[in-house]
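A single chain, nothing else alongside it, follows as structure tokens in the form predicted alone.
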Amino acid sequence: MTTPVWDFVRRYAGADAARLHMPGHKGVPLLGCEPLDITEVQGAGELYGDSALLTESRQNAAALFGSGATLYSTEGSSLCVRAMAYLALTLRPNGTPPVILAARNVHRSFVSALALCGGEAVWLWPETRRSLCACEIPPAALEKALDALPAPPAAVYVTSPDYLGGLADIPGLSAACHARGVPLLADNAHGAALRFLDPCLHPLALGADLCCDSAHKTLPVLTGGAYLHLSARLPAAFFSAAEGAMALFASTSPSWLTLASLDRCNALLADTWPRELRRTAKALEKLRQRLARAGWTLRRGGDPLRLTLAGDGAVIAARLREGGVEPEYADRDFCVLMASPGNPQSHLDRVADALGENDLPPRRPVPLCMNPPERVCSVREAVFAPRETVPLEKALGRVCAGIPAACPPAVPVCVPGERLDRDALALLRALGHRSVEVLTER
């Protein structure tokens, strides 16, 4: 498969041109990567504009992912999430309210997208919520929620996989959406590699209409590299508006290092990387079995490239670090590890050796005590209203103005415009927050 962006960047780096253009390092290798770090020089074009290099590269990516079109981001999936929300809200049918029906475990970028686009969310809550990261919505529950609305929403929005590796029932959810003429949007930031497993578990292949992937999270791509995928099922208006939607929220100074890595990744995905991904998934399953025999409790049935241990995540993470393993995420109930072909078998063996036999006291995840909060005003009204920061002990009954969400996992506890009750404040405190932004009282 061709790599036009990567080839161009390498040619320019080897041309020894006098760089009387940005960036200021002028190709001098202070870190080592500077010769390959260029800007929109002659022949390169713009990321969201006229660029034959990028057009060819994106067509390669679309063929690999089976999309109707694939766009690049050098600002992660956060940019793609905002573009997805914008497209769904601005291209909704006449008479459709600017509302998106969304599972509550969204990334904070979705909330900021609502504020910027003037949209509103109707939240989907699971029957039992055991983690801020997870929000399991069966198709039947979605059908009930859709039918309860006075009018169809602009879209339905889910996160799959979630931070713990849980996979939504995309075929069932998409069927419920499409039967009612509603597009399904999927935040697949943590699942780009799912396209290349056997069976394929990528949301776009399973029925999602718009999908974002953070390529850098699971593929050999530099940090910030991401995709926005459009299903071939979408109306032509989505394809016409997609680049403009990305450009609306994007920087005009994209990282060409990141673009080159997205482009180079295409060639790897067309060659040996899928086979290596499947090998890694099998090796990780053997590690799960080994840990289960050692007494560890694992979440099963989710992302094959993620290992999620249930228990006191902080204690588990500390034990891993003592053994030379750095996990992806840990909280009071879970510890998450992510694997790719970049991890040799020795890394997985190190995980097993570091954990050893499970001698920790038995501990079950504690359900989150948080009911759907009272909505006082819209997200946009709250975000752009005067605010102040107050200690949690003085925030009861106040209206949330910020998006309190530590990263990772960047899932908000509460959303701007919601009234803070005792449950929300207790959860904020448990997650390490000591203060919160609230609307200024008049």
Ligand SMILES: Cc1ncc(COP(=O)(O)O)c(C=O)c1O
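Start at 1 with the first residue shown and count on from there. All of these numbers come straight from a predicted model, not from anything done at the bench.
One more form of this protein, predicted together with this ligand, exists but is not displayed; see below.
When you look in the predicted complex, the only residue of Arg264, Arg195, Lys217, Arg299 with a non-hydrogen atom within 4.5 Å of this ligand is Lys217. When this ligand is considered in the predicted complex, only one residue from Tyr163, Tyr72, Trp256, Phe238 comes within 4.5 Å through any heavy atom, namely Tyr163. Comment: 183 to 191 is the region of 244 to 252, 330 to 338, 165 to 173, 183 to 191 lying near this ligand in the predicted complex, near meaning a non-hydrogen atom within 4.5 Å. Interface membership of Thr159, defined by any non-hydrogen atom within 4.5 Å of this ligand in the predicted complex, is confirmed. Taking non-hydrogen atoms only, Ser78 approaches this ligand to within 4.5 angstroms in the predicted complex. His202 falls outside the set of residues with a heavy atom inside 4.5 Å of this ligand in the predicted complex. Using a 4.5 angstroms threshold between heavy atoms, His107 counts as touching this ligand in the predicted complex.
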